[in-house]
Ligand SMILES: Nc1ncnc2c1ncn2[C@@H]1O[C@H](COP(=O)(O)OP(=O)(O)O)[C@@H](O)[C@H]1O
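Below, in structure tokens: the form predicted alone, a single chain.
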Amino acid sequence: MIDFKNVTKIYGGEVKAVDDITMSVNEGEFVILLGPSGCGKTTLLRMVNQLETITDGEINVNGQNVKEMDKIKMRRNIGYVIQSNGLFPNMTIEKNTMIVPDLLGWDRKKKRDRFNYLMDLIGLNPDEYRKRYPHELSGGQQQRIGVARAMASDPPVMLMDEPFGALDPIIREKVQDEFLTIQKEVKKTILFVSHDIDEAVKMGDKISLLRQGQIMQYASPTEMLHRPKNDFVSEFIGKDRVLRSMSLYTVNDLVEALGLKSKEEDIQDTKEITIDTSLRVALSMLLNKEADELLITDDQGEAHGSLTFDLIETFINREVRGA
């Protein structure tokens, strides 16, 4: 869907922001551009929709060279979400969301139906928020409106530049979860800039880790965490990559590999979690002494057994460390 072929960006005739990058993003994939500040990830993203010119090489979107595409038409067919959400303060939420459909000449009913669908998708009541203005919404709600606006014309490709970076950690995690739920339904091809390894591991199908305009490794989160390609990758991921890799597994993965224990009757300090809970969340609850034992239930509330620290440790040694 998005192909980068020997893409280079030079500023001022000498500074290489992007240096000979070649990689492909398949249809429906969620790819994270990850790396420290100044590594070229935002520049690479902005070259896709021609907000930055390409010095050398080429970028093809759905088989078409972006240099040969009309910039305005192209941008109307690519969703773009930035950290500050970019909502217009003098426009209602409905007007903000429907900017691109307005430009495309959609009729009133089609726009209203699309707005209602998108608001339901992001978990906000369309009638409650239709006539509100951005300043009346929380930061998390504004960011969700920014995502809805980017999806308004149903573009096949979405570009997202640290869209959740300005949110506080608790709201940020909630919005990340909501967006992953949305992505399961809409299956967009997404290029997403982040500097946060935890966000990348949680959200990406693949991660492209950049340094000084070059790709250090392009791989799935599992491969990058377990088999870092070089010292830079290993250092960027950090020594706690085993803990980070727990985000890739759910309680259900552990159940399928090891099963669960029966509830120990003499343990009183327990909490219930669902079987699709991240193992990292479960481990954190046990390490923080929120409970001595976690009782596992499915979506219907049926009990499956109990989870303890020892069982998670066994899973880590078996599945992650390969011991």
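Note that the structure is predicted; figures quoted are calculated from it, not measured. Don't overthink the numbering: it's just position in the shown sequence, from 1.
Below: the form predicted together with the ligand, not depicted.
Highlighted residues Y11, V15 and T43: every one comes within 4.5 Å of the ligand in the predicted complex, counting any heavy atom. Here is the short version: of V48, C39, M285, I273, the single residue with a heavy atom within 4.5 Å of the ligand in the predicted complex is C39. The stretch that touches the ligand in the predicted complex, counting heavy atoms within 4.5 Å, is 30-38, out of 286-294, 58-66, 250-258, 30-38.
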